[in-house]
Structure formats: C-alpha cells, structure tokens
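Have a look below at one chain only, the form predicted on its own, in structure tokens format.
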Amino acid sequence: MMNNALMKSILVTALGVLLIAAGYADLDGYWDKPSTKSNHDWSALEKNMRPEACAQCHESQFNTWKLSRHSKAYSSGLIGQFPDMGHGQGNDCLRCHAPLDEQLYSGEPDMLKSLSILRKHPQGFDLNANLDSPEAKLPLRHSGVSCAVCHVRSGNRFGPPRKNDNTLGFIKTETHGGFTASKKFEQSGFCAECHQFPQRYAINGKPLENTVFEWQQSRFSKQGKQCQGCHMPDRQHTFKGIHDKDFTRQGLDIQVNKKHGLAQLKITSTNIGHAFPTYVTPKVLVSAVALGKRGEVLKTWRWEIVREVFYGNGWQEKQDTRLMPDESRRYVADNPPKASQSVRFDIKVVPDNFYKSVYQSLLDDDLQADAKVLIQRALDETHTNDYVLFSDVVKL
C-alpha cells in the first residue's frame, strides 16, 4: 500500500518543476503565474482560450497537437491522486500539466467537480474542433498543455518568428491585433520550465528529470540542435517521445551479429540529445533467448536500460543504466548451451513502468470514488502503451 510519505514524495517531484535554475528564462516573467486574462476588446472567438477555438484558424497545428502527450497532460493518473493531496498540492502539479492561472483550482469543491467531469469526459477537448460540442465547453484545465499555455499572455499572442522572416518583437497583423515574435520559442530553454527539475531535488546527484542539463552536456547543444528540432520538426506540434515507437527507433542504431562464436546486440544512442530514457518512469528491457533445433528456449538473458528510483527514508536510486548521447553498449549472450542453434534478441519499451506500481499501490488504498475510477483507467492505459522496439535472430 502507498503510505503518506510516498504520496508526499510524488508531490515533491511536482514542486520541483516550479523552481528552474537561473539561465533558462526566455521572455521576462513568461512563466511566472502565466495568465491569458485581459481587457482587450477581442471578438468572442479570440477571447476563447480553448484549443478548439484556435483550431478554427490553426487547423494543422491543432491536428498534430491533439495526438500529442501535451494534449493528455491533464491525465486520469495525475488527477486521480489529488483527493488525497488536496487542491493546493494539486495546483502545484498543474503548474506543468495545466499551467495557466485560470486552469488552477479555486478550492476543494472545484477540484472534486473536475474529477467528476474527467470521469465522464476522458478526452478533455473535441477532436474535431467542434465549438458546440460538450467537450469544447469543459473548463480550460481539461485541455492540458494546449495552445494558450505557450502562446497567450494577458490576451496577447506570442510565438516564433515567421518562416523566412527574422523580424523580432511586436509585429502588427490583422488578427489578434498583432503578435510578439521571439527566437526563444525555438530554443531548449523554453522547454526547461517543465523538463528540467532543480538540483535541490536531486537523487544521487541528479534531478528526477534532468533533460535540459543532459542536452547541455551533449554534442547536440554544442551543434546548436534544440529540443524543438526533434520534438517539433518543421514546427509541427507533435511533441513525440518514448511512447512513440517509430520516433524512438529513429534515435537508436541497433545491430546484431556474431563475434567469437557468441551472439551479441549493440545499441548506440545516435540521434537522442539526452539520456535514453531521460526520465525515471520508462524502462527498456533487453532480452536474449537461446533457441534449440525445434525452436525451444534453452537459456534466457535479461538486461535493463532504466533509471530506477524508490522511496525509502527519502528518495533513493537503485540503478541507472541509461544510455547517454552517442554512448554504445553491447549485450552478449555468453555461454549458450551446446544445443543452441540461434539466439533471438528483443528490445521491449515500457513507457509507464514506474506508474504501473504507483497506480496499483493507490488502488490498494481507500480512494475517493471518482479517483478510483480514474486511477484504474490510468493503470489499464499503461499496459496498452508497451511495445516491442526491435527483434532479430542470430544463427550460431
């Protein structure tokens, strides 16, 4: 069962995202209590901060965003934990999962009502951008990290410079009364607010999420390759990560061969600008099986690529076997049985490995009714996210 200490420790990780080291500031105060509220005399559509409203003119951006993890940031697994935390601590988590001031809870009743809404509407927005749908009328927090989170402050619009135009600062346009162009939208520092935890919450010297620092230490940073180059190619709002099989596969060079009579697999992190995986929640399982003449399994080898942490008298790190950028690692099927005819290597990715145990522990406790439904839903979803990244056979 999950005790209070573990619940508090989960909260600490949420608090950590609020205190980003100096040097990652983009637009002055841009992430300090962000709000879209304004006194502008906008049209009803422009005043509407829902993603469906933005989609009326920015259809392509909406269509990629709606498939992204950002659109799912206000998730059942997160919100289902809030009744035990209280709305104040829940708001600390929302500072990254639904960061705008108007997305935060006004009090305990507001939070509990939101759980009930999420139970009825698992999708926090209308996939077809229909402004008349029930989903399009949900509280803004249910859309998670949506358009306004990054692009609207006090009713004013912000974004990167227009393509093939390096004009910066305020640009007058017919729509929105103009917008402010900043190169910061194309720099990794813009992502640091939620993807770089502060050093004060380090475990074994490393913050739970250390993505921007890992990138800074890599050749990608030195070559000027920013987070957006991979996760928002050609400005597409895809935000793909380890949950996407094809995207993950493109970051790795994987080879199998036979050397000195032994089958081996070699993994090189060639196109990933941070640790693989960067966070503590995923686990990558590497396995090999020696197969006999009839395909029977004669021996099994297993390895893990993971940063595994646990809570016991404070957060502890059990192991860190992740691959850093450009690092290679060999996995050798040593001492195979004499009857072995071949060895099959498999790489399986479990994107939500850590959450599986957290959600199950929560379900073993007494949960508020809506929270229990949400946590069970989240646990079921974690199992659907697993996938086999690679499989190949080496003949002996």
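In this text, all values refer to a predicted model and were calculated from it rather than measured experimentally. Numbers follow the displayed sequence, beginning with 1.
Same protein, other form: the form predicted together with a small molecule, not shown, and the subject of what follows.
- Put simply, of Lys259, Lys318, Arg302, Arg162 only one has a heavy atom within 4.5 Å of the small molecule in the predicted complex, and it is Arg162.
- Checked against the small molecule in the predicted complex, the residues Leu115, Leu104, Cys93, Val289 give one hit for a heavy atom within 4.5 Å, which is Cys93.
- No member of the trio Arg119, Leu127 and Lys372 reaches the small molecule in the predicted complex with any non-hydrogen atom inside 4.5 Å.
- Checking 106 to 114, 260 to 268, 223 to 231, 293 to 301 against the small molecule in the predicted complex, the stretch whose residues place heavy atoms within 4.5 Å of it is 223 to 231.
- When contacts are judged by a 4.5 Å heavy atom cut-off, Ser75 counts as touching the small molecule in the predicted complex.
- Although the partner is absent from this view, Ala333 stays clear of the small molecule in the predicted complex, with no non-hydrogen atom inside 4.5 angstroms.
- Taking the partner from elsewhere, Thr175 is found to have a heavy atom lying within 4.5 Å of the small molecule in the predicted complex.
- Among heavy atoms of Leu285, none comes within 4.5 Å of the small molecule in the predicted complex.
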